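Considered here are two forms of the same protein chain, supplied as structure tokens in two stand-alone entries, structure 1 and structure 2.
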Structure 1
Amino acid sequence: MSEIIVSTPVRNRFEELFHNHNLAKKTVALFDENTRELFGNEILDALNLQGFSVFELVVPARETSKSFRTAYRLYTQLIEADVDRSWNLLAVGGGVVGDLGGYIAASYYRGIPVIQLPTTLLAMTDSSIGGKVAINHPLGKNLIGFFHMPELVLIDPAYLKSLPQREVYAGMAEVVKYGFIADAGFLDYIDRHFQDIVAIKDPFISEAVRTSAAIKADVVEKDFREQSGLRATLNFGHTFAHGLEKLADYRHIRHGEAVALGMVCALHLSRRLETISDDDLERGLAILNKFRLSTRMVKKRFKDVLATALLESMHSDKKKVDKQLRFVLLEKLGKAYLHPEPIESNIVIAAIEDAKGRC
């Protein structure tokens, strides 16, 4: 299992941590345009001062960078720079850079080590952990990829202070998800300290990041390749979310915003199947109502979506099996399960309508 380091400033420990994990001091540093501008100089300076050989790559800061076209361009740059399998790759950024960097590392020279340095709340608590790396296809998100565990996940909560508030709230979707699926006590903590966490105040933000990362790492270690159904519980709300993202052409709604809306749908679906109580439903919705995912634009876009159109879009999700959608639902707050049977479309549509009515 990857070692997860939470430290500020983590860049000062590159040499020590790479040495401890038998990683060469030859690193491809992958940024998107935003992380290059915000953190690139200090990270590259730290690598150079600590004796690393560095080759820098930069991609546009958008979801469409997770593509065959971008990957092919990066392969060409690496080959022309004589980067071989003795190198490793440091992915600096959010989910796009982490996924793309992991995909490149998994496939280049049949696999080189990847080190994740996430700079967003969503990436620190979810996408950088667990080794699932992928690029998108026009017919669906994250359909082409690998299981490629990072050698290290380096988390510096100080980077979160650079994020726009909307990105912080979007990242909170993955944080609160862990409370819903695995830890009712953590859900209580989030409920009590929500405003301190989104304000990036310590010790609240560090506790939220550490706990989220630990829950995800524990689940991944127990079910790395999703064979028992345990790892699938990490996708609570995501079946709905991926449908929403596809309808929005992966541009007009943040992933975390879609996940938060997806969790509202999943709570209502759990209630319609009578796996949770009215009290659990209302408490779950009250926590999700703390989100400012509900900007006017996002709210309106969700309300304008036809439930039938969302269901159709959800069928492109890679998590379906034998053409059947798989839903992660709750037995109670703090305990999720993968529903073992297909759910009738009219019930799913009714849950979506319930969610639209409460959004």
Structure 2
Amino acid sequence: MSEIIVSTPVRNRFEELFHNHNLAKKTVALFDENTRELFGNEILDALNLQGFSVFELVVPARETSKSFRTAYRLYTQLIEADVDRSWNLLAVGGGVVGDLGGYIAASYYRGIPVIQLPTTLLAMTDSSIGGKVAINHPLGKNLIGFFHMPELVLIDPAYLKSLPQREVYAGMAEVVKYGFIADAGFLDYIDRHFQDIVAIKDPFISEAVRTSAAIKADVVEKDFREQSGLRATLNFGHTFAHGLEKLADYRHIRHGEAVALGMVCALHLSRRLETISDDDLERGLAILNKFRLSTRMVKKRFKDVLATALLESMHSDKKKVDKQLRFVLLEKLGKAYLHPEPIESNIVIAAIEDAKGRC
């Protein structure tokens, strides 16, 4: 499993950390336009000062950079710069840069090491960990990719200070998710310190990031290729979320916003199947209520969605197995499981209606 370092300022430790992991001091530094502008100079200066050879790549800051066209352009730049398999790649950015950088690293010269330096809350707690890397195909997101474990994940929570609030809340959905699926004590911690965490205050933000990253890494390690159902629990709230994102044509709604709403639905579904108590339902909803979610528009759109339309959209998502939807439910706060049987449509619809009534 990759080592995860949480440290501020992590850039001062490149030489030491790369050395400990037998990584060459020859690094391709990949940024998007925003992370280049915000952190590029200080990271490149730190690499240069610590004696690295550096080759810099920059892509537009948008989801469409996770494309074959962009990857092809980057391969060309690397070949022209004589980058060979003795190099490694440092991906500095959110999930877009992390996924694209991981994809390039997994394929270039049959694979070079990748070091993730995530700069969004979602990337620090989710996308940089676990080795899933991919680009999109016009017919679907994340369809072309690899399992390519990062050699190192370098997390510096101070980078979150420039992150727009909406992105902070989007990442926070995954943080809360880890509490729900794996750690009731962590859920309590989030409940008590929610405002400090979203305000990026230490030690709260570092603690939240560290615990989330550790939970994700632990789940991935125990079920790397998604065989036992454990890794599937990371998809708590996501069956609903993917349906919502698809309905919105992946616009207007951030993934994390869809996940927060999806978790409200999943809590209600758990209650309807009587796997959790009323108390657990209310406690869970109280935490999710702290999301400003994030704009009123997102909530309003959710209320306007027909439950049947959402269910249909969920059915067309790629994560279905034999056309049956699979749901991750809670056994209690802090423990999730993959529900083994299909759930009748009318129960799912009722849970969506419950959720709409409570948003």
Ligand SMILES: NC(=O)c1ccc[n+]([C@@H]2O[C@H](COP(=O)([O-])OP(=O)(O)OC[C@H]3O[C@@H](n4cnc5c(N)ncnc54)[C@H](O)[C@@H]3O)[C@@H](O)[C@H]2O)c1
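Numbering runs along the sequence of structure 1, starting at 1. C-alpha atoms forming the largest set that superposes within 1.5 Å between two forms make up the rigid core. All of these numbers come straight from a predicted model, not from anything done at the bench.
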ask   = Is structure 1 or structure 2 the form predicted together with the named molecule?
value = 2
inquiry  = After core superposition, I'd like to know whether residue 274 moves between structures 1 and 2 (criterion: C-alpha shift of 2 angstroms or more).
reply    = yes
key: Core fit, then residue 20 C-alpha moves 2 Å or more between structures 1 and 2   = no
ask   = Superposing on the rigid core, does the Cα of residue 10 end up 2 Å or more away between structures 1 and 2?
value = no
task = May I ask for the C-alpha shift of residue 304 between structures 1 and 2, in Å, based on superposition of the rigid core?
result = 4.2
Core-referenced Cα shift (Å), residue 283, between structures 1 and 2 = 2.4
